[in-house]
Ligand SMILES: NC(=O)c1ccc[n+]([C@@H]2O[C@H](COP(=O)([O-])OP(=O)(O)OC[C@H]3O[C@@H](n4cnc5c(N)ncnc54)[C@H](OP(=O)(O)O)[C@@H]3O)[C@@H](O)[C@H]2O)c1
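There is one chain below, alone, in structure tokens, taken in the form predicted alone.
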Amino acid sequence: MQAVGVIPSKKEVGVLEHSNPEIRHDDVVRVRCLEVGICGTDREICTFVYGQPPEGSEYLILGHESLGEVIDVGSAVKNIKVGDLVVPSVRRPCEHQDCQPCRAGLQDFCATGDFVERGIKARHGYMTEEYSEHEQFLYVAPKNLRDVAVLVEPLTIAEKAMAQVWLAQQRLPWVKNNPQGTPRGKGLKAVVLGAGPIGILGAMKMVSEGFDTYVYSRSRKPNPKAALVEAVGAKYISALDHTVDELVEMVGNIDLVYEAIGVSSVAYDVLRVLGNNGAFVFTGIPAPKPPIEVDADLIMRNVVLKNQVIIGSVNADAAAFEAALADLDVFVRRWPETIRAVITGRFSIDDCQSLLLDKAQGIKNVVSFT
């Protein structure tokens, strides 16, 4: 069957022939791939800065933002049936028995670094006609989310990040004393860095949590990303028109920064103006570049004197996938046209090289296998 992948030893990207999946364990599910989102990680793997094929394979199949339909199940599968729509997770636990996070199902916090990731590290991804997966790593998507469920995996980034923020901010009265039924972020200010898919989905999450939400991104208005941001009730501010110092004057005390840009110079400039008791979440992974200058003394003083929290967040656990499915349903009911517009276009497998290698266009592009 056909698949999209890379051959690092030859620095090649394109359509490959891959063997059909099999059900080799009783708890395994066979899935027909419906569509796979293209993300920055896929594009970076295609520059060969990272990306590791499975042992014994010269190629790595790409794709980790997937939606599929179940076509067969093993005899021990309990909660998934043929015909279900499913979204798979990405990271798989390491094999070390003394790795407590992995043994607890929290492989996103793997303590050894020997995890594998589908489509990224030592395990084939989902950009293929069919694949097989253990039931525990699949999440059933309601049929009403068919046209947007491919966004679940990127949304999990915001879900996990916010779960960590709320845990950290339990130290503050404004978390503990929220009246029942009041959104947890009501009365607080959030700044999202970047208006790509991760940033836009993050902004939707912040707005739904009740935050007064601002998205700080490069492009000037009007542009399609700004239109989507403002359609959900967030405010869009262009970095070309307003400096970081002007940003903080417009926002006021910044309670939360959700970094979704992967540009360290911008991220650390905004970290400089994080407010009292604020939380800053890094989710981006910058490409290797020369070092930047940072006012480390000021940042360190602020972290200490303003009781700030800095959190790094990567990958996602089961709770984040379940939360993403629930929130995506909320987004569809609250902003039906906007959430669908995050997907710029659906393309055939024949378009994979241009999607992966040419300059990125639009917001979220999807490879469709149907």
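So that there is no doubt, residue numbering starts at 1 and follows the sequence shown. Computed from a prediction, not measured in an experiment: that's the story for all the values here.
Unshown form predicted together with the named molecule; subsequent notes refer to it.
- Taking the partner from elsewhere, Val270 is found to have every heavy atom lying beyond 4.5 Å of the named molecule in the predicted bound form.
- Mapping the unseen interface onto this chain, Thr283 counts among the residues with a heavy atom inside 4.5 Å of the named molecule in the predicted bound form.
- Shown alone here, Gly262 lies within 4.5 Å of the named molecule in the predicted bound form, counting heavy atoms only.
- Using a 4.5 Å cutoff between non-hydrogen atoms, Ser313 counts as a contact of the named molecule in the predicted bound form.
- Residue in contact with the named molecule in the predicted bound form (any heavy atom within 4.5 Å), chosen from Arg103, Lys186, Arg218, His134: Arg218.
- For the residues Val232, Leu247, Val266, Val73, the 4.5 Å heavy atom test against the named molecule in the predicted bound form is passed only by Val266.
- Residue heavy atoms within 4.5 Å of the named molecule in the predicted bound form occur in exactly one stretch of 77 to 85, 142 to 150, 192 to 200, 247 to 255, and that stretch is 192 to 200.
- Although the partner is absent from the chain shown here, none of Leu228, Arg346 and Leu356 has a heavy atom within 4.5 Å of the named molecule in the predicted bound form.
- Residues of 149 to 173 that come within 4.5 Å of the named molecule in the predicted bound form, judged by any heavy atom, reduce to Ile157 alone.
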